[in-house]
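The chain below stands alone, shown as structure tokens; this is the form predicted on its own.
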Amino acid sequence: MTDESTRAERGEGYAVNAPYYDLIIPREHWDSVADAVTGLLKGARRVAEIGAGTGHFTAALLRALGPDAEIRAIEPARVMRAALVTRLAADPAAERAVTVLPEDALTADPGTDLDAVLLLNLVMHFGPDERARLWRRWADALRPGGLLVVEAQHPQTAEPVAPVVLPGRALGRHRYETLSRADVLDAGRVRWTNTYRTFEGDRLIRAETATFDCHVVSDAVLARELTAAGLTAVPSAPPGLHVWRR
């Protein structure tokens, strides 16, 4: 994630993505993922969310776990962290429960053992050697019986993904959508090209493009790496999520 933080500082990647972040994914999808995650973590008290972004899932965790929880929201990209802190500052319950850490996933220190670690929209930014360090670091941070939750990655192999329009949400007179495609860079990486489009009625009034070079991490690779980190798969995980226990 360090590289994406650097690119964001240069006005690339998440710096382009950030103004659209909460608008380009349908609320129903985000809410369904949040419901699945908070259901898994019911009863957890000390949680690290790695790559908290603009805080959608952080806020959901706070609502589900309550003000007695201790949440470490880890977000190294300054532009995303600004949105995260702004969201949390509007919720009095966050004042005591949520600590925002600006370090990246390989250096952040939660300062306590954890009941759960959540990694969403993150893993594709790490190569194989970095992932080995990532899994070991956060597996070691879990208390015995603690959970690590990560989403299934797409695509599962290094193959092109045809352009597709992903409808987003509306805000006032404008509606938002994303034109997204992936091209193969090499045997283990694809380059996502996302064009964020703003419409007024049927008229396109703005289009901004960001690219992200992403590592391909199949379910089989995830399973092998997480097993090597000393974790055990939890059966019957919600669709689209992988759940592993220390």
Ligand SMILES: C[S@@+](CC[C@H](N)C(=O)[O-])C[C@H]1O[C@@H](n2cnc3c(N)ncnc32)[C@H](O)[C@@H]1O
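Keep in mind that what you see is a predicted model, and the values were worked out from it rather than measured. One rule holds for the numbers: they count along the sequence shown, beginning at 1.
What follows is about the form predicted together with the named molecule, which we do not show.
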Please identify the residue among Ala105, Val150, Ile71, Ala116 with any heavy atom within 4.5 Å of the named molecule in the predicted complex. Ala105
Work out which of Ala141, Ala158, Leu122, Ala97 lies within 4.5 Å of the named molecule in the predicted complex, going by heavy atoms. Leu122
Since only the chain is shown here, I'm wondering whether Trp135 would be in contact with the named molecule in the predicted complex (any heavy atom pair within 4.5 Å). no
Can you tell me whether Tyr20 touches the named molecule? I mean in the predicted complex, with a 4.5 angstroms heavy atom cut-off. no
At 4.5 Å between heavy atoms, is Phe57 in contact with the named molecule in the predicted complex? yes
In the predicted complex, does Leu88 come within 4.5 Å of the named molecule, counting heavy atoms only? no
Which of these stretches, 190-198, 177-185, 217-225, 47-55, has heavy atoms within 4.5 Å of the named molecule in the predicted complex? 47-55
Could you pull out the residues of 29-47 that have any heavy atom within 4.5 Å of the named molecule in the predicted complex? Trp30
